[in-house]
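The chain below stands alone and is given as structure tokens, in the form predicted alone.
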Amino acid sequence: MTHFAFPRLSNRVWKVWHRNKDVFMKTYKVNFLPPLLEPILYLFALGFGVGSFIDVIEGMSYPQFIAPALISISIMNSAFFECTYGSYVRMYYQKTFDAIIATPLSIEEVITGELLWGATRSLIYATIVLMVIAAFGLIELPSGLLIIPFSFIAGFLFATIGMCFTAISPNINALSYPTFLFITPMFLFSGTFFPLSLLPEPIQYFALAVLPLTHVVSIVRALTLANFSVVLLVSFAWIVLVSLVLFVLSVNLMKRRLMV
């Protein structure tokens, strides 16, 4: 089986999406609480706390600087962890994948539905964080509203990344490796809490080439400040291209695992 054979899909992928949405909504109070409280805590602790020692950073206040990062981090975490730990539990412990595949849905459709749901969680969480940021007056409107559709596209990227790791992880404990070796460095070194320009040039180039969150933060920051440039099109093209490649790869890797 080739890793880059394009999957055959139908509109039945939305059956999987709908199933995950129904489960999510049964515990909506718990699910909506973290994205509501986390940005508030970060803003008070870092934005207004640490930020009180910082005058101006790249022409803006420190709360304005980290606000887009908080939205971007919520996009990353919600999709990545949904398609790693969440998908692994449904695949291995709950046997949800086996039950769905017993219906007319194919493996490709099940995995694609999982990825679409991961992207949807990014949209939901990013929207909640966006409302918090807007309540603090740290976002330009209406350009900031473009973050909502963009969060689905960026979330799909992180969902495919997470699914690739799920496909190759021998057990659920092994998912801690990509969390600490990939997600944590992105959290810290993607232009989130300090400008990327402060890093040595080789690390800057590495971040731009390898760390997806770098491109997401750049675009979200531009949308929150209504500060657009041609460079953002390069970041957007990077996100779309890598998403398509990893989508095909993740579906085929999961198909190989489930057929063994």
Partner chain sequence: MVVTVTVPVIEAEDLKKQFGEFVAVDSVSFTVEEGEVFGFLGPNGAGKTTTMKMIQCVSPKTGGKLEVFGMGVSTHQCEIKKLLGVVPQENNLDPDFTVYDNLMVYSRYFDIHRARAERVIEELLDFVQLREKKDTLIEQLSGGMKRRLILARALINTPRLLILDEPTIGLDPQARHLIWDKLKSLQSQGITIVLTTHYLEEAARLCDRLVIMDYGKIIVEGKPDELIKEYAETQSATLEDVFLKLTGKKLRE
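Positions refer to the first chain, counted from 1. Model, not experiment: these values are computed from the prediction.
Omitted from view is the form predicted together with the partner chain, to which the following refers.
Identify which of 145, 172, 153, 101 has a heavy atom within 4.5 Å of the partner chain in the predicted bound form; exactly one of them does.
Of 145, 172, 153, 101, the residue with a heavy atom within 4.5 Å of the partner chain in the predicted bound form is 101.
Counting only non-hydrogen atoms, choose the one of 70-78, 115-123, 176-184, 101-109 that falls within 4.5 Å of the partner chain in the predicted bound form.
Looking at the other structure, the answer is 101-109.
Consider residue 259 of the chain shown here, and say whether it contacts the partner chain in the predicted bound form, taking contact as heavy atoms within 4.5 Å.
Looking in the predicted bound form, residue contacts with the partner chain include residue 259, since a heavy atom lies within 4.5 Å.
Going by a heavy atom distance of 4.5 Å, is residue 127 a contact of the partner chain in the predicted bound form?
Looking in the predicted bound form, residue contacts with the partner chain do not include residue 127, since no heavy atom lies within 4.5 Å.
Within a 4.5 Å heavy atom cut-off, is residue 23 in contact with the partner chain in the predicted bound form?
Yes.
Do any residues of 160-175 have a non-hydrogen atom within 4.5 angstroms of the partner chain in the predicted bound form? If so, which ones, in sequence order?
Stretch hits: zero.
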